[in-house]
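The chain below stands alone, shown as structure tokens; this is the form predicted on its own.
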């Protein structure tokens, strides 16, 4: 399958997931937190298409709301990481050698620390919440992009069009935004797409461990956590959120790979 075809298929699938997250809860119209103990653990059927959980809450309604939280958390964390990583990489790539060395040693130091332990430590001190998740994941995901941006700028800053801008007296920030940033967009876009899948998986893992989104709010990770006690008696409680996590991460990764092959052919 050609990169363009993969890009189209992955893009359509991702847009479908995003549309389900944005409009699904309103269109379905079922309260995801409504308790119905008389129907607790009901299998998929006409009244509840994907069944109910141990408290009688509709699984489909919670999946749709969970999609909104999980996708939004991954996207927000990547936006934070991309913004910070691009800024650090730009300063390192355009600054004097001493500042460049300091920033890259700082980046190497952060890379050497296991990310999951840093995220868990931050959440332990600040308390579990969606905002804390976004900050913790974003603050530990910028290093790879910073190094990529720096490397590209080191190759670009001696090009003729950059030298001409310097000779004309363009200040550093306008020069970066006008002449250099357009060349970095493919790298930034691919890195952000692939990073979103990793951020979504991290959020799901932390919510599964009880360190992410807290009940009664729904996310795919804490739905999996709640399904542990009924894994054999009500397997659909684990199957459906697990499939959603798998579908979302695979779709985002395929989208990122297709973007890379399309924007950087031959690499």
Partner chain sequence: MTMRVPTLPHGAWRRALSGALALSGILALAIVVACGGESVPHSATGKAGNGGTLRIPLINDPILDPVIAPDIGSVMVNKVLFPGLVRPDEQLRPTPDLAESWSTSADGLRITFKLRPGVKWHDGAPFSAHDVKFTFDQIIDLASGSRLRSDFAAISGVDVDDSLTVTFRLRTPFAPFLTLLGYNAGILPKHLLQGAPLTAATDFNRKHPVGTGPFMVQTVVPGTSLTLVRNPYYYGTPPRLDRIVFKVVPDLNAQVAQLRAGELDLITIEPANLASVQGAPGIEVLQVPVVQHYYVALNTTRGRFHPAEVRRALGMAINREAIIKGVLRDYADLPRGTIPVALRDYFADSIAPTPYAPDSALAMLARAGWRRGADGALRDAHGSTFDIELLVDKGNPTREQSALAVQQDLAKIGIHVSIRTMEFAALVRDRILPGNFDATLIWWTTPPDPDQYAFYHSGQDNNNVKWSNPRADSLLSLGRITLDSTQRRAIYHAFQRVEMEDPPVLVLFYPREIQAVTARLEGFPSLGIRDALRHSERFALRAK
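Positions refer to the first chain, counted from 1. Nothing here was measured: the structure is a model prediction, and the numbers come from that model. Superpose the two forms; the largest set of C-alphas matching within 1.5 Å is the rigid core.
From this point on, the text means the form predicted in complex with the partner chain, which you will not see here.
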### Query
Counting only non-hydrogen atoms, which stretch in 42-50, 22-30, 64-72, 211-219 is within 4.5 Å of the partner chain in the model of the complex?
211-219
### Query
Given that the partner is absent here, does residue 60 sit within 4.5 Å of the partner chain in the model of the complex, heavy atoms only?
no
### Task
Mark residue 158 yes when one of its heavy atoms lies within 4.5 Å of a heavy atom of the partner chain in the model of the complex, and no otherwise.
yes
### Task
Just give me the residues of 71-105, first to last, that have a heavy atom within 4.5 Å of the partner chain in the model of the complex.
none
#### Entry: Per-residue C-alpha change between the shown form and the other one, residue 156, threshold 2 Å, rigid core fit
yes
